[in-house]
Ligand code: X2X
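Before any questions on how it binds or moves, here is one chain, the form predicted on its own, in structure tokens.
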Amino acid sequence: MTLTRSMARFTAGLAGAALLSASLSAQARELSVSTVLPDAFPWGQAAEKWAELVEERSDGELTMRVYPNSQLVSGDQTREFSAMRSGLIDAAVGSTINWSPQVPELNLFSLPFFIPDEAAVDAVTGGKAGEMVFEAIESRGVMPLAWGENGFRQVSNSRGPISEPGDLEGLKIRVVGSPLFQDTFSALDADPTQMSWADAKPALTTGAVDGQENPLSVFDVARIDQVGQEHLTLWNYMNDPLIFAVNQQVWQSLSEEHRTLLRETAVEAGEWEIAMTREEESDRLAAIRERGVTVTELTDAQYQAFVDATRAVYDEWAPRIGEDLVEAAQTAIDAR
């Protein structure tokens, strides 16, 4: 009798342990995270850092699997926001440029020669304008959590130095799928050619396009100088903040504890990535120069010539973005 009761208790214990294990497994949740660039670049490292922090601090109850190279949208980076909004993607560390077709307010950061330096970026993202941008994203079914940074975009080409607007005349420049980019380079008499990043490097290799524009981190890591891009101009014509975000339905399905965890880790990963990206700029530029690239740095007068040449683009796009938002950003920039 005693043996029978002992066996019964043992069996019940095993059943209880199995139920507990099943319960814990059921509680564990994995979120898909989309990003355009892999972890060789700061952008991809930001997503990996977020995933690492979440898994570590949730004790494995919540995990994030990073899918780089826009693979969840078949390489079409401009579809990332729509896919996240519809629930095909749980979360993303995305570009304001790539999401701007669905969130026009994000074109704020692509206004040509509007945000001049890092202090201005921080003033915009950390103030009223940044709050307005996040409200615009949330109103479209996605919960924004934190800022990251892809950096200021510089222009390169295979033909010669660019130091004034006339130097761009007739150059075929690869641009992302944003009408604002088309308008900006058209205003400079260039020939903007839209294509995905996956197609850009082969086009540069064959000479199908003469140049491109990207942050120094992309130019450096992707070794764009190896595909004929021997001339680089530092003109800071626009900045591309990154945004950590989650599908709204996914967000609402999470516990308050997990929401707090996702937001805090996103902020921490973003701050870490921004600091790293900025700290590496000087070393990247030195490495690019050492590889034989001719680097042109604009004087104030040369910079102003580009501002003047693209003023009509600013005037056309500011109302589309929202006059109140542009004004809030300008106020923050002026007060920095």
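Heads up: residue numbers just count along the shown sequence, starting at 1. Keep in mind the model is a prediction, meaning the values are calculated, not measured.
This protein has a second form, the form predicted in complex with the named molecule, left out of what is shown; the following refers to that one.
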Which of 104-112, 171-179, 133-141, 225-233 lines the interface with the named molecule in the model of the complex (heavy atom within 4.5 Å)
171-179
is_contact(residue 98, the named molecule) in the model of the complex, heavy atom dist at most 4.5 Å
yes
Though only this chain appears here, would residue 37 touch the named molecule in the model of the complex if you measure heavy atom gaps against 4.5 Å?
yes
So in the model of the complex, is the named molecule close enough to residue 219 to count as touching (4.5 Å, heavy atoms)?
no
Would you classify residue 214 as touching the named molecule in the model of the complex, given a 4.5 Å non-hydrogen atom cut-off?
yes
Taking 77, 150 and 197 together, does each of them reach the named molecule in the model of the complex with some heavy atom inside 4.5 Å?
yes
Residue (of 240, 167, 183, 122) lying close to the named molecule in the model of the complex, criterion heavy atoms within 4.5 Å:
240
If you apply a 4.5 angstroms heavy atom cut-off, which residues in 103-135 are near the named molecule in the model of the complex?
none
